[in-house]
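Below, in structure tokens: the form predicted alone, a single chain.
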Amino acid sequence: MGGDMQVDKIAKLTKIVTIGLKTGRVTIKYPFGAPLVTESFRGAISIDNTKCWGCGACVLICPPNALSMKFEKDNIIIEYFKGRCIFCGMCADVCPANAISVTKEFELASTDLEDLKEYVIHRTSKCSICGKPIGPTSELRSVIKSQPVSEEYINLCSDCRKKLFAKAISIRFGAST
């Protein structure tokens, strides 16, 4: 009984060695060959600065907070930190401007963390009445393009817009100003 098992093991091993010798080497030492990346593989994202509105939808949906948004003086800065990205691609799915695409890039080794960061900088528009920041200029342009009726109120913050609207309504219904 024990001798039969030994023969079976040797026969199996001989079969594997024979197949290996016929097939030859199937792997290539890294990094001398192109990595095996399937069609459905998701790598790091790429943000097209010319398409991005700066709406922040990508920042809100990002599970590991690889995307963040900060306000500095007259700018809104979207920061993408590849070191934190899990390559889920949810940001690309929700981007209304189609500014984010998923690449097949996954080799992110670096000795400097700053090499793993990308920035998209948008200029902030301010309310034409009170001067309060209202949002990225590029986003406002996109809103005007898609909703031309909004041009009258687009350069106003929500508070000034409400006051102006309330004043217009009160004038319409005969209230004294």
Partner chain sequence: MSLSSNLKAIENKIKDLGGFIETVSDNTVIVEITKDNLKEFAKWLYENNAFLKTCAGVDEREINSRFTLYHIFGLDEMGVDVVVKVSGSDKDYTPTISDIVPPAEWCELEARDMVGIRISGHEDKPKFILPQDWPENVYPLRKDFSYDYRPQSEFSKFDEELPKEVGLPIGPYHPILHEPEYFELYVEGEKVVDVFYRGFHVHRGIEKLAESPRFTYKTIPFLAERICGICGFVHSSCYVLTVEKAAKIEVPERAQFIRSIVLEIERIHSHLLWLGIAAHILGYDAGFMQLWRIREPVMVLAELLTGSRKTYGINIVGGVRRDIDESKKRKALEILRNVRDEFKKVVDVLVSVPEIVKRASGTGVLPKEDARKLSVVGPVARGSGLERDVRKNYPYFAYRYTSFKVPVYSEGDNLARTLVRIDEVFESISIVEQLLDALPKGPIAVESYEIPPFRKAVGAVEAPRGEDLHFIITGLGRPYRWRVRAPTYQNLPALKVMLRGAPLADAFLTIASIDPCFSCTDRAIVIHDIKSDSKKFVNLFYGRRYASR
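Positions refer to the first chain, counted from 1. Throughout, rigid core stands for the largest set of C-alpha atoms superposing within 1.5 Å between the two forms. These numbers come from a predicted model, not from an experiment.
What comes next is about the form predicted together with its partner chain, which is not displayed.
Have a look at I144, I129, V37, L108 for me and say which one sits with a heavy atom within 4.5 Å of its partner chain in the model of the complex.
Filtering the options by heavy-atom distance leaves V37.
Sort through 108-116, 41-49, 134-142, 121-129 and report the only stretch with a non-hydrogen atom within 4.5 Å of its partner chain in the model of the complex.
The contacting stretch here is 41-49.
Checking a candidate spot here: are A99, A166 and I171 all in contact with its partner chain in the model of the complex (at least one heavy atom each within 4.5 Å)?
No, because A99, A166 and I171 lack any heavy atom that approaches its partner chain to within 4.5 Å in the model of the complex.
Even though its partner chain is not shown here, does S68 get within 4.5 Å of it in the model of the complex, heavy atoms only?
No, S68 sits far enough from its partner chain in the model of the complex that none of its heavy atoms falls within 4.5 Å.
Classify I86 as contacting or not contacting its partner chain in the model of the complex by the rule of any non-hydrogen atom within 4.5 angstroms, answering yes or no.
Contact with its partner chain, yes.
If you check in the model of the complex, is K162 within 4.5 Å of its partner chain, heavy atoms only?
Heavy-atom contact with its partner chain at 4.5 Å: absent for K162.
Taking heavy atoms and a 4.5 Å cut-off, does I61 contact its partner chain in the model of the complex?
Yes - in the model of the complex, heavy atoms of I61 and its partner chain come within 4.5 Å of each other.
State yes or no: after fitting on the rigid core, is the Cα displacement of A109 between the shown form and the other one at least 2 Å?
No, A109 moves less than 2 Å.
Answer yes if the Cα of S158 shifts by 2 angstroms or more between the shown form and the other one on a rigid-core superposition, and no otherwise.
No, S158 moves less than 2 Å.
Large Cα shift (2 Å or above) at T27 between the shown form and the other one, core-fitted:
Superposed on the core, T27 moves its C-alpha 2 Å or more between the shown form and the other one.
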